[in-house]
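Shown here is one chain on its own, the form predicted on its own, set out as structure tokens.
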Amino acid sequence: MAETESCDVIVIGAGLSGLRAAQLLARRHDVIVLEARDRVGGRALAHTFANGDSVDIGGQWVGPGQDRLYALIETMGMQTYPLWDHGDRLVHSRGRLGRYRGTIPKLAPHVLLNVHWMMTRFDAMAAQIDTLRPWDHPRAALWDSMTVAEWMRRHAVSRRACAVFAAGIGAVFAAEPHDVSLLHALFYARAGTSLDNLVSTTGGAQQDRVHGNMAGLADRVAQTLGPRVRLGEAARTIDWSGGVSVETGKRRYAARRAILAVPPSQAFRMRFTPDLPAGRAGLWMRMAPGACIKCVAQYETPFWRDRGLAGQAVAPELTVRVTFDNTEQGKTAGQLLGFIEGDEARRWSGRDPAERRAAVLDAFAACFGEQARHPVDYVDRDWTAEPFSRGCYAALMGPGVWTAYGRHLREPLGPVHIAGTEAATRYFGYFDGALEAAERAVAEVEAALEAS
């Protein structure tokens, strides 16, 4: 192994959180960024179609309240544009297709009232959560002892209401209601303002996209760091006994401080010396990521718009439960975006790509007609198979995790500080949250360096 390379701060992970942390630190300190992949961006990734158009096949959205992300986009010389949200939306249920406007699909009156009441009740509970200390809520132990599925069973009056609410949970968490602690779901919703905000387009978390893609934003931030970013260097061991020493298999790096900006499940794979404290190990081993396969079909034109459709569909019983018009503003070719999530993603992961493509196009055709079965190009990305993510959108907490281990989530590990979207208190699971966590970790590092 080559001799040790030294710097002030090592940043582990070149997603948006790690890149932004390094960018801020580089103003005053010598920084090195270690990235396991052969690219930057983490859970931001772009694909180029045969016609030259590109698309985010990782995270892509930004919406009101995500001020850090909007500011970074502007600073990096990029622009946003609104997701197409004009026309009727579709709901596919029990083999029938219906049109509606607004966030909640058009359903039988008693079902519609029940879904609306569940959303209202859920958001009223979420509004009580302190995202800095969710375990301090008087009912935290109760809410953390049950899953979202258990809460739904107590409050849903029909299977259809349950199915529609579950589709919303899947769209937000890339998970099933039985995967997620109720306390975690309430924390997550509060961190993103409300569940209603997180499932909304115009005025909500899915309002805008970035010309040049979110992956392009990560590339631009990385360019400001130049050779400080080291690709293909996965941190294997982290010695935090006195300062920080990191080995990647290619080289050893030493620093006074480090920022760990990777998903918890990936941090848990690393070997620490001394061993991780029991609380931190218990937390990371229990924070499994959501399961998501992102699918995009490209068409000659966005033909659904000619029929007065917004390109958005909710289909609780199909392989793809949520669909959006993903067409880039100013482009001729149309795009439909769909997500396979939760149990369906686990079922389709590793299956024959052609079979999976056919199932996705079947779902698109069920909502948008036979023309949707014949795209000019297609791509999907199974994030559960990504070796350095193992899922998307973010880590989840099942019952008991927040109340038993949540206190360790953002605490520094000696000289190792924690960033990444899973360490955010606002927009946990979103890129804006990744930037918030980066800023907090940088403030901790700079205070520690000044004090030493």
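Numbering starts at 1 and runs along the sequence shown. This structure is a prediction, so every number in the text was calculated from the model and none was measured.
The same protein has a further form, the form predicted together with another copy of the chain, not shown here; the description that follows concerns it.
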- Item | 4.5 Å heavy atom contact, residue 200 to another copy of the chain in the model of the complex | no
- Query: Is residue 399 a contact residue for another copy of the chain in the model of the complex, using a 4.5 Å heavy atom cut-off?
  - Reply: yes
- Query: So, in the model of the complex, is residue 278 in contact with another copy of the chain at a 4.5 angstroms heavy atom limit?
  - Reply: yes
- Looking in the model of the complex, any heavy atom of residue 384 within 4.5 Å of another copy of the chain? yes
- Note on the structure: Answer among 420-428, 47-55, 385-393, 29-37 for heavy atoms within 4.5 Å of another copy of the chain in the model of the complex: the stretch 385-393
- Note on the structure: If we test each of 307, 250, 121, 346 for a heavy atom within 4.5 Å of another copy of the chain in the model of the complex, the one that passes is 346
- Task: Have a look at 265, 193, 131, 298 for me and say which one sits with a heavy atom within 4.5 Å of another copy of the chain in the model of the complex.
- Result: 265
- Task: Output the sequence-ordered list of residues from 148-162 with at least one heavy atom within 4.5 Å of another copy of the chain in the model of the complex.
- Result: 149, 150, 153, 154
